[in-house]
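For reference, the chain that follows is the form predicted on its own, supplied as structure tokens.
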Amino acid sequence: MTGPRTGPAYDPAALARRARAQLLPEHYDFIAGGAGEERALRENEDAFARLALLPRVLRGGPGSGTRVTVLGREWPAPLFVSPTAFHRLAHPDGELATARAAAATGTPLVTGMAATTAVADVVAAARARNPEAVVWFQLYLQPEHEVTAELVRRAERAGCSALVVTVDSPVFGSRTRDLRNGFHDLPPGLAAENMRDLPGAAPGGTRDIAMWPAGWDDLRRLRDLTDLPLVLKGVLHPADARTAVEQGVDALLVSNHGGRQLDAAPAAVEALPAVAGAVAGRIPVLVDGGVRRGTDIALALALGAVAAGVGRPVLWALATGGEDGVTELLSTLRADFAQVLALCGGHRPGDLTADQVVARGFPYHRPKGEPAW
């Protein structure tokens, strides 16, 4: 017996191998690599593989749907594109191709502060494809308040609907592959375009993105600058999650920076349940890191997230297929999640619950109150 093909149309590892064949070794390593011995990088994927989903059966009801609401906007699926740097290393069209593909599939995009295309151009490309496209801007707080203020004004003028404030980078992580390759600067013709013509930069020139130990008071100053929702990215400790809620943050993004900062950090999905528990539904919790397939999205939702972000696979798809490659990837992930949701007995993303997540192998830890076999 056979049926229609609705499962994943790609092998994530094979996609990465094809991208590796397309890219210069130092550029591939920049995208693929992590900090230190790359334990956190590997664990992001391995942690998902250690988890299984217990499907529910005979639940009846109307047909299923994948829509979710995040910060007042309806998304067609609990999937978004996480911020990643330097898309023009992967393809000449860079962030413009990514933005068009995300908009065409209705997938929200977080465009990076270290993008090789300015935020105004990224948003324009997305809105030309879909006037309702959701684009958020990733922001590193800078030591000079006027620099942060100008970046915020640019994101506002461009039409971004939220700021994703990355807070896990008081210093740069030690990127082993970049150090080995001597990769410290972009090739001629490429630059972090959002850092151009900022206060303190030479006319027409760019500034470096500063990594420094910002504090909660700096976040409060940012709150005073803008009415845009603030999404705090890089929160792993539940105490920080509680403080963020108290400080009026609008959402959290559980992330270990793709394994590129603290190599001893846990996988993002391992940190997710404690953060979601600390938040207790007061604000949305999102997650990224190691998301490769629909089952990963489903696991993330069951453990407390409202949506999951995909990062490196977008760059692999961009390198191998340009805009069409990213469109296919995002469409595949969305369809894969819809199938997993249905197979788990769910009609909507909120039907996925923590008691459906178990560790692979024995002993099997039964949900509380479930009778012994």
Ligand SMILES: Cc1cc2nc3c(=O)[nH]c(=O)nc-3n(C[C@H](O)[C@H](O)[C@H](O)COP(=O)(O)O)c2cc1C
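A residue's number is simply how far along the shown sequence it sits, counting from 1. Not measured: the values here are computed from a predicted model.
The following text describes the form predicted in complex with the named molecule, which does not appear among the structures shown.
When the named molecule is considered in the model of the complex, only one residue from T105, T148, S82, T116 comes within 4.5 Å through any heavy atom, namely S82. This chain appears without its partner; in the model of the complex, the one residue of R100, H257, R88, R293 with a heavy atom within 4.5 Å of the named molecule is H257. Heavy atoms of F30 reach within 4.5 Å of the named molecule in the model of the complex, making it an interface residue. The named molecule is not shown here, and in the model of the complex it never comes within 4.5 Å of any heavy atom of A305. Within this chain, P313 lines the site of the named molecule in the model of the complex, having a heavy atom no more than 4.5 Å away. Using a 4.5 Å cutoff between non-hydrogen atoms, Q138 counts as a contact of the named molecule in the model of the complex. The stretch that touches the named molecule in the model of the complex, counting heavy atoms within 4.5 Å, is 305 to 313, out of 327 to 335, 342 to 350, 305 to 313, 55 to 63.
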